[in-house]
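Okay, here we've got a single chain as structure tokens, the form predicted on its own, with questions on binding and movement later.
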Amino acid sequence: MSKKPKVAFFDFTGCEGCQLCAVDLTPEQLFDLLALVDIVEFREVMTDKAESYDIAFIEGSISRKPDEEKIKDIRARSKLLVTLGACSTIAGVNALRNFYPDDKLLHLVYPGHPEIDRTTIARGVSEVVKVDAMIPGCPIDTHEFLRVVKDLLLGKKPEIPTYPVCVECKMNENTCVYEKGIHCLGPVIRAGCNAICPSNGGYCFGCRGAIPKANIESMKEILQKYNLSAADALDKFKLFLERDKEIFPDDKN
């Protein structure tokens, strides 16, 4: 009988891309991982199931009533529960549906099909059950995933950066995209991605969530400095941060 920790993966409302990232490893990384844990349940790659788990990784937001019952059951059978990616951590792009009334949303997505089960607002997992650790991003970073797994197996609390993406941009010696007249959410977004989007000609769109105590006033000053619209910036925040009360303090959902 194996004494290795039992690990499981579960999916809710999401694209399941973060689960694929979790197994998109080099052969050496995969063998190292399997030497440390037993993957006992993972719909993407196996049909086996288990009664309990040492670590349960959750992908996807909670957006239907049955999801609440399922995640509570998984939580009750798991020693540790870890969110995997933006959708499970901060509700992700699924939370865009929260800006629409149910009737309008269903008409837009499923026109002529009133029998479709109604959804609820999209929520991050921590809004429903206790979460022990998180791996943010859309998709997750494989190296960060492996580091978090190893920290958990060692009994350590995984350290996720609390400083902004701007720090990593400066470390990479990037030209600030604001100098190019482009809105970027990097000043208030959690680092840990090595500023991958600004470093490759894009801008930060917030998939790792806001840093704790995000300085929104400073963000507004930056926008004013570069003569950029605060309204357009708020629209960019909506893509991933609809559930963040610091960004949208008046949200009653």
Partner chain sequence: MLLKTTKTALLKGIDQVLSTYQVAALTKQDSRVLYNYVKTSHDIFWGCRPTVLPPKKFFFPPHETLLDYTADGQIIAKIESKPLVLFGIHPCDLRGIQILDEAFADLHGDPNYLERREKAIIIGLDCHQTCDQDSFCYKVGAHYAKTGYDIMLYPLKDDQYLVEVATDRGNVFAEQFLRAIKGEEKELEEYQQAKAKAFESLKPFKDLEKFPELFQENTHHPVWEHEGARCLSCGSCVMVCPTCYCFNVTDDWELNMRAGKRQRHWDACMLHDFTTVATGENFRPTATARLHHRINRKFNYLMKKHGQSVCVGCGRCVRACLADISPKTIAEAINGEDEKEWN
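Positions refer to the first chain, counted from 1. As the structure is a prediction and not an experimental result, all values here were calculated from the model.
The protein also exists as the form predicted together with the partner chain; that form is not presented, and the subsequent description refers to it.
Shown alone, this chain has one stretch from 82-90, 127-135, 69-77, 154-162 that lies within 4.5 Å of the partner chain in the predicted bound form by heavy atoms: 154-162. The candidate spot formed by L33, L146 and N215 is fully in contact with the partner chain in the predicted bound form: every one of the three has a heavy atom within 4.5 Å. Contact check for F205: every heavy atom lies farther than 4.5 Å from the partner chain in the predicted bound form.
In the predicted bound form, the partner chain sits within 4.5 Å of a heavy atom belonging to V188. By the criterion of a heavy atom within 4.5 Å, I121 is excluded from the residues contacting the partner chain in the predicted bound form. Taking the partner from elsewhere, I222 is found to have a heavy atom lying within 4.5 Å of the partner chain in the predicted bound form. Along 83-112, no residue reaches a heavy atom to within 4.5 Å of the partner chain in the predicted bound form.
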